[in-house]
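First, one chain by itself: the form predicted on its own, in structure tokens.
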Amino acid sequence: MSSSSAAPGRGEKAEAVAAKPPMREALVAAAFQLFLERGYEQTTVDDIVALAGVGRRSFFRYFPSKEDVVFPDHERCLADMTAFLGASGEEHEPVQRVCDAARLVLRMYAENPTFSVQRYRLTKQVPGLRAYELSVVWRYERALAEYLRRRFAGRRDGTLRADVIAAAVVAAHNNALRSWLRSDGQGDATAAVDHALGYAQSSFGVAPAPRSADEAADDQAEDVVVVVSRRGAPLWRVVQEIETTLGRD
């Protein structure tokens, strides 16, 4: 064989491999191309793998279902959020921490505005995808709530407080995110989300404060004090003993 028809060298092979998108990305790109051309319902997994040039087994290695290919990055984002919250310490203010965790979701969307806008439009058109998206949002909210429950454990209404704050943070984040998506990804998404999360931050502020005087008074009102006094002791002496027991002057 002549030198002109020799097989590509190792460097050329490496360049070819580097130029080829990863299979996961190729499947997502093929899927959205078909969704835009034919519609979501009219596109099958076989259509996607045919366009991507891979087999069905390769598709299901990355995506359990056709719905999952529409949301290819949420599992990674949820894992990142869980790790972020898991690395939190007592020095982190809980409400601020969950707001920062929500910003990880924004970053995922902002990394590829074109794709995010396409997915938003597609999800609005397909009820099944909307339901799937709501289940994903619920998982984010649960991650935030579980972290807050741990931080508020032992406090009065700790679980209720955690769930309410988690729901508020998700609602604020999603309100700003969807406004940005409706604008076709125009404007500063980070500023919009920061503004929205500011409402949650100002409403719930810092971690629940130590038990208030009123809460402590409520508990004290439920205490039972037993005082043993000598029979025939004057009433003022009995009252004095009670006040001494309660720590009052």
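When you see a residue number, it is the position in the sequence shown, counting from 1. Quick caveat: nothing in here was measured; it's all calculated off a predicted structure.
The same protein has a further form, the form predicted together with the DNA, not shown here; the description that follows concerns it.
Checked against the DNA in the predicted complex, the residues G53, G198, G39, G187 give one hit for a heavy atom within 4.5 Å, which is G53. Within this chain, A29 is remote from the site of the DNA in the predicted complex, having no heavy atom within 4.5 Å.
In the predicted complex, the DNA lies within 4.5 Å of some heavy atom of S58.
Taking the partner from the other structure, the DNA in the predicted complex has no heavy atom within 4.5 Å of any heavy atom of D194. For S65, a non-hydrogen atom is located within 4.5 Å of the DNA in the predicted complex, even though that partner is not displayed. In the predicted complex, M23, T43, T44, V45, D46 are the residues of 23 to 50 with at least one heavy atom within 4.5 Å of the DNA, listed from first to last.
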